[in-house]
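In the block that follows, a single chain appears as structure tokens, in the form predicted on its own.
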């Protein structure tokens, strides 16, 4: 078990000490090797939930078990070991860039966790190579590259710390389609080839249907669905969740209704194309 929420509630404090509930009575288990997506409308509690996963927030009630640690932490416990195990990629992680060069920025995390400079450099270069950041950029300023490259540098800084769990809060927001595809392919490769546990927060149902294996739906601070993506999209009550269908399923609906093509649940453009080829006998 990587992360487990047990009856976790959290409220934000207002200016006059009012409490504004964000998540309520959350029970959730995230297993090692999961590719879990969390979705729901704005204000449903998604970001609050995932900020508990690396101790940015700590529960008002209940507890969160993160590997060998439990929130709320005891007085003398530090959050560093948790954040080494669980790396959080914010919606715009490039806003966290601050060093003189790209390489120094990617090295910062490993150095902060106590690695020697040579070891930190080795891990930083490995992360940059994984994200296909050209070597000729290593000694350039991270503020003189494209937005897509800045996003990759910020993500490399988190990967260099070698977390066991990657929590991705809207990781493709603001990226052009090509950059978004490249970034998601990297996360998918980390999951499939390196066994990384991935938690994806997104409003993009196309991303969720293509990459996630399990989906959690949140509404008004509570979990209203937890199951496989097939169980979600094929559920008779899917419309009750007020979620958009992924484009592949929308197109499948159209082809079935208007061209009488046999219906099949498909979760990506590639699956839809394969179904159409099979139908026409190619």
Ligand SMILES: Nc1ncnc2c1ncn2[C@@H]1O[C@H](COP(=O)(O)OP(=O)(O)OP(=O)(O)O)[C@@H](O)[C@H]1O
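Numbering follows the first chain given and starts at 1. The shown structure was predicted, so the numbers you read here are calculated from the model rather than taken from an experiment.
What comes next is about the form predicted together with this ligand, which does not appear here.
Undergrad: With a cut-off of 4.5 Å between heavy atoms, is residue 42 one of the residues that contacts this ligand in the predicted complex?
TA: Heavy-atom contact with this ligand at 4.5 Å: present for residue 42.
Undergrad: Indicate whether this ligand has at least one heavy atom within 4.5 Å of a heavy atom of residue 22 in the predicted complex.
TA: Heavy-atom contact with this ligand at 4.5 Å: present for residue 22.
Undergrad: Answer for residue 52 alone: is it within 4.5 Å of this ligand in the predicted complex, judged on heavy atom distances?
TA: So residue 52 does not count as contacting this ligand.
Undergrad: Using a 4.5 angstroms cut-off on non-hydrogen atoms, would residue 91 count as touching this ligand in the predicted complex?
TA: Yes, contact at 4.5 Å.
Undergrad: Choose from 229-237, 42-50, 248-256, 66-74 the stretch whose residues reach within 4.5 Å of this ligand in the predicted complex, heavy atoms counted.
TA: Comparing against this ligand in the predicted complex, the contact stretch is 42-50.
Undergrad: Which listed residue (104, 123, 191, 203) meets the criterion of a heavy atom within 4.5 Å of this ligand in the predicted complex?
TA: It is 203 that has a heavy atom within 4.5 Å of the partner.
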